[in-house]
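This document opens with one chain alone, in structure tokens, the form predicted alone.
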């Protein structure tokens, strides 16, 4: 199998579809999603799995994609925010974040929305788990308090 420009390829399951992406040594999932598949929600942030801007679900679990080798997710389902927004939980999360004006620059928000959708699938969850899960996301513009208010309202049964 070959990918773009005749490069070796790996067949990935992305957002419910089988897609061939380049599988050159060192090929990273984030760049395959963005550059080859045109899925732009996951973003490059820190490049060392510390900020959450590149978060996707791999077999239903949040994973940063910036250092994740394409080969390592072959045979697993990769889900991006583009697909999650079509699900009831994902739509509810995105709509609540927008309604609360919970983003200033919005750079971190796709990764946060992926993690919150993962949590929403299991809601209600303990507040400590929400905080622990969102702690891996770096909000640089100061919107984190608004994001946490939305998370508390959507994901827990604790009072706001």
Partner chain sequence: MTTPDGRTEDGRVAGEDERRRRVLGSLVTQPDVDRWVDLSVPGRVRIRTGKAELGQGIRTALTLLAAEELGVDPSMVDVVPATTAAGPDEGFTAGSRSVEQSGVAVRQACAHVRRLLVERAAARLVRAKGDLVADRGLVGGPDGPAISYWDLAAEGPFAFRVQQPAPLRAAGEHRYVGRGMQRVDLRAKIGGAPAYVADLRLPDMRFARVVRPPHLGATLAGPTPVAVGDARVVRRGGFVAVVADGEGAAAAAAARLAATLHWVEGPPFPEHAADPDYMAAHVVASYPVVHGTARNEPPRPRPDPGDGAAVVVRARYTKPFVLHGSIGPSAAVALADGHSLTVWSHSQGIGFLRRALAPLVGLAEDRVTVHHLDGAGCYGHNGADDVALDAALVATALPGRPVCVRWSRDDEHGHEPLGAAMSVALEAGVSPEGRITAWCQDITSYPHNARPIPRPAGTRLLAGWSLDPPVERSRAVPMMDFEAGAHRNGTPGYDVGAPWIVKHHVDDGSALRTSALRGLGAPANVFAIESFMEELARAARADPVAFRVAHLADPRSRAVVEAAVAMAGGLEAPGGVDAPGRGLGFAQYENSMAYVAAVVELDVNPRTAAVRLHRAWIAADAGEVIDPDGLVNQLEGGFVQAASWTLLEQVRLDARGVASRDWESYPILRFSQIPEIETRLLDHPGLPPLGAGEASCGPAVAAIANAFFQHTGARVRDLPLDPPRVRAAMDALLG
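Since the structure is predicted, the reported quantities are computational estimates derived from the model, not experimental observations. Residue numbers count along the first chain shown, from 1.
Below: the form predicted together with the partner chain, not depicted.
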Heavy atom within 4.5 Å of the partner chain in the predicted complex - residue from 46, 58, 69, 125: 46
Contact of residue 78 with the partner chain in the predicted complex (heavy atom, 4.5 Å): no
Residue contact check: residue 95 to the partner chain in the predicted complex, 4.5 Å heavy atom: yes
Residue 103, heavy atom within 4.5 angstroms of the partner chain in the predicted complex: yes
Contact test in the predicted complex: residue 134 vs the partner chain, heavy atoms, 4.5 Å: yes
Any residue of 141-156 that, in the predicted complex, places a heavy atom within 4.5 Å of the partner chain: 141, 142, 144, 145, 146, 147, 148, 149, 152
